[in-house]
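Okay, here we've got a single chain as structure tokens, the form predicted on its own, with questions on binding and movement later.
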């Protein structure tokens, strides 16, 4: 029996995928796995029995990744599951910036008392005139699942699209429209683009990447869109540029006391993935990844351990070894298991950590499991089957 705890409401379509072998629990100390969305976990005490955390979404800043890696807790996310929902909101943000839709709608609402609203509309509409996004240049920083969808859709709206991502994956490159200008110089986007949208993870290297220096290199009256993470943008620098008339609009999905009510800033209440479809997709993907890991030891879309997949175990037993990414670890494992036939094996690494799956033709005695655990550099050993 596998036990899981939900720290946030998780879409029922995902939870229904759990079989009778799974039980939802209230106490985190009883959980083999956790499903989470936005709950902050940095101050939580994670039990030694916890094996996995699945984030139903892409961002994992609310999870202590390093601590989890050190404890042998695999953290998953669901990249791409909410990409379409975020993509659509990005275009809504662009249109809100290009056309004074909010100002016009508010004006109409305030005229509810006026019997001459129809005639007055023709007179007042010029106050809310805007521009079209067709033929404008869109710069996309980050060509992951969301960035690629934004780029491809923008071409169908007649925009000239620039994409920047020095670490673009093979899958993303294959999915990217050939009409998109892939630049290796982010400053080209700053110089050329009328709209700039950011779709990168929040790392030390990306924190406040849109700062005074970056803004100084941008076209006058640029529109900035941030539907990724608030701390990617130095909002003090943005407000300063808005006050000086160098930025036309800043669109953000992350309101705070600094930005709310500011002229030139349009804010939405973190709606990027807040669609029924996105929440369903994230829940299904998170649950499927947990099941594959708990039942088979396979890892897909982990952010702190490497991907590793041996499929369904067809042999007598399978063991998973979480360890540091150092030399000669495999030979030490095989030395311990020298009296058993290893029918299949996979070893992968990611940064400082590595993960090894071994399929064996016989059950692994507990004494050998303990010997594996005692090897210097081994973090955790799990008998999957």
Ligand code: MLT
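Residue numbers count along the first chain shown, from 1. Just so it is clear, the structure is predicted and the values come from calculations on it, not from any experiment.
This protein has a second form, the form predicted in complex with the ligand, left out of what is shown; the following refers to that one.
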If contact means any heavy atom within 4.5 Å, which of 64-72, 320-328, 49-57, 355-363 contacts the ligand in the predicted complex?
49-57
Option touching the ligand, based on a heavy atom within 4.5 Å in the predicted complex, out of 207, 270, 258, 156:
270
Within 4.5 Å, heavy atoms only, which of 246, 99, 288, 229 is in contact with the ligand in the predicted complex?
229
Heavy atom to heavy atom, is residue 332 within 4.5 Å of the ligand in the predicted complex?
no
Answer yes if any heavy atom of residue 304 is within 4.5 Å of a heavy atom of the ligand in the predicted complex; otherwise answer no.
no
Taking 4.5 angstroms as the cut-off for heavy atoms, does residue 350 touch the ligand in the predicted complex?
no
Close approach of residue 82 to the ligand in the predicted complex, 4.5 Å, heavy atom
yes
Restricting to 10-44, the residues within 4.5 Å of the ligand in the predicted complex through any heavy atom are 37
